[in-house]
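First, one chain by itself: the form predicted alone, in structure tokens.
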Amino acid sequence: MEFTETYGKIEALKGNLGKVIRGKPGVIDLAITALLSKGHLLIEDVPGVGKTTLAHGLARSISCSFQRIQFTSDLLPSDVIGVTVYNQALNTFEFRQGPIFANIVLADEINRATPKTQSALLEAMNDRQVSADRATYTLPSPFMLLATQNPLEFSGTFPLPESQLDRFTMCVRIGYPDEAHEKEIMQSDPSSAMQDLLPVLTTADVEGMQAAAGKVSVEEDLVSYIMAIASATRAHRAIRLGVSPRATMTLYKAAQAHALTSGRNYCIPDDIKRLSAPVFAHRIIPNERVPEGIEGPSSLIEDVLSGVAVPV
């Protein structure tokens, strides 16, 4: 796929998502970046700001299979992966696929399920396959998991384990819309807008765009810059657990995808600076005491960035 053609398809996807996600171009860019880097997206925010709408909009913009899983406290791993049943007519056991077998899967309110059910997603997210009854089943390609979660202080939520958080490419917040866009949302019919949303890409287009993102040039100085940021998180006085090697690899791939969404076939330091907080913040564990003026993991990552020299 030619670069100009690839960028044109990315712009078409941005425009399509902009019809249902009003006034949030930055969030749309991050969602597309996660898609092109073959990653998964965690959307954390209060109810009613468009978390599920973003996932639905992305799925409807691509001519692909889509499944939504509503996570609840009584959801079982077999409800996600599938189950082996006995076929009496054929006198044999057969595997019936669960909703995880789709190109785009929405795990709605993922932190309302128990840790046992949450862990059922680990193999799917990392290896794009699932195992059941000594057999392994490959998931469709492309495969992307979009998960929404409410803040942990909300009732009925379970914290996601660190191993699962590490498998999400990014964690983003949508935030409240500004007054002008909230008026538009209030006076519109969201369900009608979603129904009118037509696909602008095929799965073959997405795979071609992902391949193009993997070819984006990253200079050695920028690789060292990523490593310096990662090392700084591991040595920061206010961070108990820094980012893993998986996180540095994820930031590298995300920076390639972000450059492509910005119309470039090469990375610049701003790609890495822009993505450091969305990619790293949910992976670190702060100390109980943090310096004054720092609020939350994202602020910690910004503090880390301020102490790392940017390559010229």
Partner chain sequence: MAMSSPSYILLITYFMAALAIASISLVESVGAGFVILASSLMLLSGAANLKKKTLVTGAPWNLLAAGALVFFIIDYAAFSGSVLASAARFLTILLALKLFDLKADRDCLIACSLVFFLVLAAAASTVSPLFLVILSLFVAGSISAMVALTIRRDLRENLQNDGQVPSGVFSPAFFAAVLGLSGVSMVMTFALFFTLPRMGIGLFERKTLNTVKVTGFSERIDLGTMGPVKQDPTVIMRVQIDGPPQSFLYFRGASLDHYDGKGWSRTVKNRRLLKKDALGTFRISDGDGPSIGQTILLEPLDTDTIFAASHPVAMEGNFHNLWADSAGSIRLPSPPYSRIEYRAWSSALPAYEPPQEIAPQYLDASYLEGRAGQRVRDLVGGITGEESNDMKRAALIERFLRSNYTYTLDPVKDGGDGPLDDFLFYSKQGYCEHYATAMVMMLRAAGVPARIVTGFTQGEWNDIGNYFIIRQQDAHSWVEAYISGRGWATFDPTPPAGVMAQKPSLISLYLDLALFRWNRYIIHYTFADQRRAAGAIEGGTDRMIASLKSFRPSFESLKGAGPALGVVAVFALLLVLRQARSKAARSKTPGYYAEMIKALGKKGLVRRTDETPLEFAERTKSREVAMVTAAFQSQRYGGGEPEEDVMAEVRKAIEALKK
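Residue numbers count along the first chain shown, from 1. Since the structure is predicted, the reported quantities are computational estimates derived from the model, not experimental observations.
Same protein, other form: the form predicted in complex with the partner chain, not shown, and the subject of what follows.
Comment: 218-226 is the region of 218-226, 142-150, 196-204, 80-88 lying near the partner chain in the predicted complex, near meaning a non-hydrogen atom within 4.5 Å. A single residue from the set 43, 267, 28, 284 has any heavy atom within 4.5 angstroms of the partner chain in the predicted complex; that residue is 267. Using a 4.5 angstroms threshold between heavy atoms, residue 306 counts as touching the partner chain in the predicted complex. Taking non-hydrogen atoms only, residue 56 never approaches the partner chain to within 4.5 angstroms in the predicted complex. Using a 4.5 angstroms threshold between heavy atoms, residue 273 counts as touching the partner chain in the predicted complex. In the predicted complex, the partner chain sits within 4.5 Å of a heavy atom of residue 237.
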